[in-house]
Each structure stands twice: as structure tokens, then as C-alpha cells.
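In the form predicted on its own, a lone chain appears below as C-alpha cells.
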Amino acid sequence: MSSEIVLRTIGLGKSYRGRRVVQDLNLEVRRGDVFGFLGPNGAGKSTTIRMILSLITPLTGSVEIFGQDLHRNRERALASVAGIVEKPDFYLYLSAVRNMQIAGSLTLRRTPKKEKIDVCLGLVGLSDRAGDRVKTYSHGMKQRLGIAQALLCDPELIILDEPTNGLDPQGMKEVRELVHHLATEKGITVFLSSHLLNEVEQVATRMAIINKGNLIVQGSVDELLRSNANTVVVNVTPQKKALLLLQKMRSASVVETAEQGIRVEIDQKRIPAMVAALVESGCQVHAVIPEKSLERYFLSMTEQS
């Protein structure tokens, strides 16, 4: 994966009625990322996206997209960018193809060719419903149609604000698979804002967490979760004997027991000593599995902030 930075915010800030919504925000999105932009509701995610897309003006700081300063070179900076903020709007009594023609004529200043529309609808899995009125579409299909419209300009960077909001599990799966396909097969960098942590965990390669407008952490998803993986599942027999021993250890804290083992909070450096103590007591340790959970990591980071 290239280390080229395609999107950078530098000291970005915004206030409404004297209240600071985003402050001193420094983000870096690299080419090929599926970048998860995470935060509780009201954390400043949508405000940040609007500033990145030049829909609102920052109070402080700047945005660089593909090396172009957004304020000085807005048209060049946004030339290879597409974005969907909140939910896309359509002419519900028109077909998907007709909506694509209208959207294309507005964004590209010309009606896109039928071949181009067919390709974009095919990418999002709507080829067989292309001629149907959009009012017959499910919420998930409308989200995918919105992404198809965004793809008309052949973006190198696509920004999605809560794309799975309000979707049922099937709709979430479809959008998640589409995001993965766009990144891995089409080479499109995806900036994905969401508060649905499980969805982001399954698709994101890098992420940033903000809270109350402040950046808490950013980096590789795997590395951040691994660095915080102090919860392990100990698969051990006999479990009752092991549980009694673990409860007496000062270095370990038993969280709960389950079929797969005993969940234990413990410093990674102390795991070998824990295993040795269990073995010496006559227990058989079959596995010690680090529990990497974006939800646990997110909660720990936002609570600390």
C-alpha cells in the first residue's frame, strides 16, 4: 500500500455560536486506505466532513487533498473526490438510470454515457433494477445508488458519512462489501465516517477516533487494537480449578467465564507467568487468545478523554 497522503487536515477547527465543535484536528489519510472516522454522536464527524468537502468554511486550519490546498485551489483539490453526506436524495418517481443521468449532468456538466452508467450500477449491484423507479428501492439499495452516482466522476477518494445508518443487517452487509470492493479491486481510497463500530472493524485498515471535536488517536486498526489487547481468553482445563487460581492472582482480573474459556484482564508481559502458574498447578492450557475488540478500544479511549 502506498504511503502517499491523499487527504490531510492541519489544525482544523470550527465553532457554532461560540461553542467549539472541532478543534485543532490533524488527520492523515493515505492512498488505498479504508479510513474509519469514528466518534460518538455529536463528536464533530459530520462537521469535519463538510469542511473537507468545502461545504462549510473552517474557522481555523486548512485542508489538503492530493497535495492541493482546498482554500486556494478548490476545483483542483476536489477534482478526484466524491462524497455523500448523510443520505442521498433522488427523484423517487424516476428510474435509477434517469437519476444517474440527471446527477451526472449536474456534477460532470454533461449527461454521462449509457455505458458509464451501466458500469457504475453494475459496481454497486443494481444492474437488474436499473430501469425500476427509485421509490421501489429499499433503503440499502438507495444507499448503493448514491454511491453509484458518486462513482460517475471516477473518484480516487470517496467520502461516506454514515453510509449504513438506518440499514437492516442485509443492507449493512451489502454496503460493507461494496466499500471493500471499491478499495481492494478499484483502488479507491475510502473515508468512512460511522458510529457503528462492528461495521468499521470489519472493513477499515486505518482509523481515527474523535470526541468532543478533539482527535483522540489515529493509526493502523490492527496495531491500535493489538497495543490495547489486555483482555485474553484462556482456554484451560479443568476450568473450575483454573478459575480459582486466576481469582487469587494479583496480576490478573477475571472478567467472566464462557464455553470457549475464561476471559481475563492482564498485562501482556505477565501472560507467560500466568500460563506457568496454571501449568504448575496441574491445569492444561490449550490456548491464550488476545481479544481484539474495536468496541472495547473505542470505549476505553473515549472514556479516558
Partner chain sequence: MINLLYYELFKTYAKWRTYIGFLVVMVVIPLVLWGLKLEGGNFVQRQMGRLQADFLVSGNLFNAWTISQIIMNSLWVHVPFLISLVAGDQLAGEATAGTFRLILIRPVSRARILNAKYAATLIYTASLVLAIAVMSIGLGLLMFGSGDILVLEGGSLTILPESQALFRFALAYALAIWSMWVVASLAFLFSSFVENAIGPIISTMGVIIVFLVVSNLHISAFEFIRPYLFTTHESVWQKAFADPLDWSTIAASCGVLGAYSAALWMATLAIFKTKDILS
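In this text, all values refer to a predicted model and were calculated from it rather than measured experimentally. Numbering follows the first chain given and starts at 1. Note that the rigid core is defined as the largest set of C-alphas that superpose within 1.5 Å between two forms.
Keep in mind the form predicted in complex with its partner chain is missing from the figure; the text below concerns it.
- In the predicted complex, none of the heavy atoms of Val217 sits within 4.5 Å of a heavy atom of its partner chain.
- Mapping the unseen interface onto this chain, Thr57 counts among the residues with a heavy atom inside 4.5 Å of its partner chain in the predicted complex.
- With a 4.5 Å cutoff on heavy atoms, Phe191 does not count as touching its partner chain in the predicted complex; it lies far away.
- The shortest heavy atom separation between Thr184 and its partner chain in the predicted complex exceeds 4.5 Å.
- With the partner removed from view, the residue among Arg98, Lys116, His195, Lys212 that has a non-hydrogen atom within 4.5 Å of its partner chain in the predicted complex turns out to be Arg98.
- A heavy atom within 4.5 Å of its partner chain in the predicted complex is found for one listed residue only; from Arg129, Lys87, Lys173, His180, this is Lys87.
- Only one segment in the set 149 to 157, 231 to 239, 120 to 128, 196 to 204 has residues whose heavy atoms sit within 4.5 Å of its partner chain in the predicted complex; it is 149 to 157.
- In the predicted complex, the residues of 58 to 80 lying within 4.5 Å of its partner chain by at least one heavy atom are, in order, Arg74, Glu75, Leu78, Ala79.
- Relative to the superposed rigid core, Asp89 undergoes a CA displacement of at least 2 Å between this form and the one not shown.
- Superposition of the core reveals a Cα shift of 2 Å or more for Leu145 between this form and the one not shown.
- Put the two forms on the same core and the Cα of Lys135 is off by 2 Å or more between this form and the one not shown.
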